[in-house]
Every structure is written in structure tokens, then in C-alpha cells.
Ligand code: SAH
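A single chain, nothing else alongside it, follows as C-alpha cells in the form predicted alone.
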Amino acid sequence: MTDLSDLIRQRIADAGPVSVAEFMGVALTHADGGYYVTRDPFGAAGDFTTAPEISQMFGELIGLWCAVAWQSMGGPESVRLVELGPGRGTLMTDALRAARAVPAFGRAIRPHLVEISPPLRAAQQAALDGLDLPHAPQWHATLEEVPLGPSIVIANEFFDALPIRQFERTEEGWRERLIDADPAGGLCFTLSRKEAARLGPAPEGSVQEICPEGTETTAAIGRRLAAFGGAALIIDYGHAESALGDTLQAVRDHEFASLLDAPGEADLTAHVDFEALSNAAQVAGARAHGPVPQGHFLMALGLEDRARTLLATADAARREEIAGARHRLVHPDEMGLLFKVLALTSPDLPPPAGFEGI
């Protein structure tokens, strides 16, 4: 594995300080040492736990949401079920199992997983091997590689890990935050000498974050939905409306870690700007619905009923596990409020399940 600290310092020596986005790109996705490329970061033994790993109920409800979306599309004989950043494949596996409740939808699904990590691709393959699927899953490095056609796209905790740029309001105006080498041989934050011209007024010391890759990806989804029909579901933590603030963080072993120490050894994420994603999709021709809090969305889809069904045949230990998972997924003090859900559809479709009346 490449020492990413040395690689970043060499880039700085060659061309000057790097942007936060470039640092994140190297730390997370470098082919030889990037965080997501070299490990399985999920679960108790990893660095963080996502909703599909908390309970099967999450993926099952997403699968049923997809089935209803497919029906609203007119039930095409072939539909691409695309997941961006599928983790261990848990969500896709649970969704495909739930899809069997609508047999015609199950037959129509062509699973496509967009994943760059070899270890995670292997985990996804292992998870899906237990399902008797009518169409074999396909893997891609980018969304652009997925064949065009009617699509349902799922992105759970995908956008928060895309590289961001940060800007700080100084007495002289907006300056981009950069990362430089410090005299002790480590890395440190600094500010560009050039003014960032397109940012609005804000108090001195304010920080603004933008995620060009996030808006570009959402625009690409929007163009696909507008041209070929379909729906998308983006689930992540962040703010419903664009806002100022420094939200970049590093997580390792389920605890916050230093941002600049040991790049490639910790997860780096930032809050998702759902307003920016929504605007990008609508400019590309799609309709946007929400965002709504994750707790509201899951309860609208029937989480309570699904939990009761599972509880009916569970032993005492399992009952405690199900109740704990329900609480974690929907309670405002857990994932229920901070995590939000944005739906995108082709212009001809009605509001999808969980977004009626919004």
C-alpha cells in the first residue's frame, strides 16, 4: 500500500497546497491505499454502521418502495435497479428479497451495483449469491457505465463521502481552504491567496462547503430519469436547505479522529446539502420530492407494521434487538431527524410513496 501522507506531501511539493476535495479524493479512493478501496469499514468491527446493517427492515421497506415506484412507471418489463455505494450488499439483498412480494417486479429487475472497492465488491457478491435471481448482478465503477433505460436508483450514505471544497470568509473576502505541508512533516490547513468570487455575503469566519461531484452525480441521475423514466432515492445525513458551516469530519473505530493524520485510515464525510442536490436534479429535468426526515419516511412506509410482524415470532433477545433497531432508525435523537430522504422522479410520475401531500 502507498503511504498517502507521502503522496500528498509530494503533490504539495510539486504544485503547492491541495484543495480539501483533492485531499479527500486521495484519502478515500486512491487505487493503492484509499480508505474505501482497501477495507470493509462497516459494522462493529469497522468504523461505522449504516441503516441497512442495523436492521433488515430498512432494506425491505426500500425494496417495497422500489416496487411501488416500478408500478407507477407502468411496470416496464426491464428496469435497472441501481445502487450507488452498496456497502456490503445488505440493502440490495434485503430489497431484492422483499421485491419477491411483487413477482413481476422481481422478474423485471436488472441489478447494477456501482462500487470501486474490490473488498466490498466481494462482500456484495457473497451477499447476493444466496438469492436465486433471474438476472445476474452487474458491477460498475461509475454511474455512467450503467446501461441506459428505465431505472430506479438508490443511494444510501453515498453522497456524504463525496469530496467537498471548503471556503472561509475572511476580512479580505472568501478564500478557499487548502491543505499544506507543515514544518514538522505533517499536514495543516491554510487559505488560498486568491479570492473566491461567486460566494455571497456572510459574517467573517463563516465556512461554506460545496460538493461539485455530488451535484454532478445528481444531475446525471436527473438526466437519466427525464430521458428514460424512473425514480431515485437519496438517503443521507445533512441539511434540507443550503447553510453555512464546517461539517467535515473523520471517523475511525466509531469515534471522531483527526482529519489530517494518517489519510486513508479513517472515513471522511461531510453533511449533504439536499437543496443543492434537489436543484441540480430539477435543472437536469427530473422532479424532486422532499427531503423528509428518515423517521417520517420509514414510518410512512410501514416500519411499525413490519416491526410488529417480526416481533410476533421473535424470542426475548430478538425482540430487544428489533425494538432497538426501530428506535435507532426513526427516533429524532438517533437517525430519525438528522438523516433525510430525497426522492427524484421522471416528470410524468406522481409523488412516490412516503412523499404524498408534501
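A residue's number is simply how far along the shown sequence it sits, counting from 1. Computed from a predicted model, the values in this text were never measured in an experiment.
The next section is about a form of this same protein that is not shown, the form predicted in complex with S-adenosyl-L-homocysteine.
Asks: Name the single residue among Ile221, Ala280, Leu81, Val114 that comes within 4.5 Å of S-adenosyl-L-homocysteine in the predicted bound form, judging by heavy atoms.
Replies: Spelling it out, the residue with a heavy atom inside the cut-off is Val114.
Asks: Would you mind picking the one in Ala284, Ala250, Ala196, Ala161 that has a heavy atom within 4.5 Å of S-adenosyl-L-homocysteine in the predicted bound form?
Replies: Comparing distances to S-adenosyl-L-homocysteine in the predicted bound form, the residue within 4.5 Å is Ala161.
Asks: For the interface check, one of 319-327, 29-37, 64-72, 303-311 should have non-hydrogen atoms within 4.5 Å of S-adenosyl-L-homocysteine in the predicted bound form; which one?
Replies: Of the options, only 29-37 has residues within 4.5 Å of the partner.
Asks: Is there any non-hydrogen atom of Asp273 lying within 4.5 Å of S-adenosyl-L-homocysteine in the predicted bound form?
Replies: No, Asp273 stays farther than 4.5 Å from S-adenosyl-L-homocysteine in the predicted bound form.
Asks: Flag Gly59 as yes or no: does it have a non-hydrogen atom within 4.5 angstroms of any non-hydrogen atom of S-adenosyl-L-homocysteine in the predicted bound form?
Replies: Residue-level check for Gly59: no, no contact with S-adenosyl-L-homocysteine.
Asks: Taking any heavy atom pair closer than or equal to 4.5 Å as contact, tell me whether Gly290 reaches S-adenosyl-L-homocysteine in the predicted bound form.
Replies: Close contact is absent here: in the predicted bound form, Gly290 is far from S-adenosyl-L-homocysteine, nothing within 4.5 Å, heavy atoms only.
Asks: Taking heavy atoms and a 4.5 Å cut-off, does Glu209 contact S-adenosyl-L-homocysteine in the predicted bound form?
Replies: No.
Asks: Among Pro137, Ile152 and Ala227, does every residue place a heavy atom within 4.5 Å of S-adenosyl-L-homocysteine in the predicted bound form?
Replies: No: no residue has a heavy atom within 4.5 Å of the partner.
Asks: At 4.5 Å, heavy atom to heavy atom, what parts of 77-91 sit next to S-adenosyl-L-homocysteine in the predicted bound form? List them in sequence order, or say none.
Replies: Contacts from 77-91: Glu83, Gly85, Pro86, Gly87.
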